[in-house]
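This document opens with one chain alone, in structure tokens, the form predicted on its own.
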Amino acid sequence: MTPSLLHQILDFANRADPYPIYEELRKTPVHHEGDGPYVVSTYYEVRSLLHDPRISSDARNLASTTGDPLTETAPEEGVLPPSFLRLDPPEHDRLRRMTNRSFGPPHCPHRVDGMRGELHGIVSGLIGDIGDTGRIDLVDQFAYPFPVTVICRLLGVPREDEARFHVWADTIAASLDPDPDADPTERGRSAHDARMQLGMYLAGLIEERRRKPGDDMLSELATAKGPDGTMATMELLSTAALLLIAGHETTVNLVTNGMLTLLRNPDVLERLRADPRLAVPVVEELLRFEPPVQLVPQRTTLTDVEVRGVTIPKGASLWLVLASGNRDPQRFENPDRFDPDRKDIQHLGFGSGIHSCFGAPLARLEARLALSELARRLENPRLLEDPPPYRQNAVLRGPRHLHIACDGIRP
């Protein structure tokens, strides 16, 4: 008996290449099996629903009778209140506005771009510390430590405490992987303990920043008094935890998937080595071609919603398959071809609508710097394993390890 498309998406055996399954899925733009979720996979429909106010991100609106086989655990679940990622307007809008005052235009227009030099220094240091070029794990030695270090610097975590964040973030991120071989009780306990320790640490850091603010983002969040007032301590804790976890997990996948794709397309890698400016379209095409977030499973309908002749009932679980929409031939010509020269790359890699990726400007800058420097400095890089071993998670899809070799490292 052939497994259902839903189970094929979740089946780890298909993690290395889920795109043929998405192609089959698009034949039924609104796919529904039994009492499971409604799965939407075509570009225009996914994009429309991401902007639809009848679609909720608040799990409390999910009908208890749904049989959704995939439950995405929030980084702060069970310890902190939901972050704005899992709220609807007006609560979402208020918290996102307050957070953005410390992150981007118009109040902090140079927050991200001002980190360019520091980011370049982190990238250079990690590449310089690679050591044995005969076997490099690009995830453990580069793609993972880079964004964790960056988000710690952005929030204002003291450098001597960065290692502690690495451990907490790794434990919490591991809990998101539906690993069938792991003890769920032990994984849950470990993740809960990590969230507790993270919350307690952040609470102490917030109090310290309130007494003696610096020029970091956490200080501004803790002391700012804008039109929306001051963020409550628990709201600030959940926001900081969200920025920490979400701020590095997707970037790890973006950088790793990016280098894997470049090594599979050596002509583009050579062009990037010769012209670092190509990093801009390369990263945009990567966000379409190999998005770090494959699907958004935590949406719920607030009322009956009709999509392509199918009525999705109120309270239903809704999955929006971003990666499938990004390969929809009705939207993109030759969608399975990696082509940074595309004239129109309006991808869904960062989602869309009010929940579009908050950290997109930083993620773009990190990926551009990382990939251009790797292309420039690694001499004759090559894959040692293809496909590489993947993480279990079907939502945050990316290699768990990416083993490569090169002939040397340029200064």
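Fair warning: this is a prediction, and the values are worked out from it, not measured in the lab. Start at 1 with the first residue shown and count on from there.
Not pictured, yet referred to below: the form predicted in complex with a small molecule.
* Is it true that 10, 325 and 395 each have at least one non-hydrogen atom within 4.5 Å of the small molecule in the model of the complex? -> No.
* 4.5 Å heavy atom contact, residue 31 to the small molecule in the model of the complex -> Outside the cut-off, so no.
* **the small molecule contact in the model of the complex: residue 195, any heavy atom under 4.5 Å** => No, residue 195 sits far enough from the small molecule in the model of the complex that none of its heavy atoms falls within 4.5 Å.
* **Touches the small molecule in the model of the complex: residue 288 (any heavy atom, 4.5 Å)** => Heavy-atom contact with the small molecule at 4.5 Å: absent for residue 288.
* Asked: Taking the shortest heavy atom distance, is residue 368 within 4.5 Å of the small molecule in the model of the complex?
  -> Residue 368: no, not in contact with the small molecule in the model of the complex.
* To do: Note which of 101, 92, 111, 153 lies within 4.5 Å of the small molecule in the model of the complex, where distance is taken over heavy atoms; exactly one does.
  => After the contact test, the surviving option is 92.
* **Single option in 142, 168, 84, 319 placed near the small molecule in the model of the complex, where near means a heavy atom within 4.5 Å** => Looking at 142, 168, 84, 319 one by one, just 84 meets the 4.5 Å heavy-atom criterion.
* To do: Using a 4.5 Å heavy atom cut-off, indicate which stretch of 134-142, 260-268, 290-298, 119-127 touches the small molecule in the model of the complex.
  => Answer to the contact question: 290-298.
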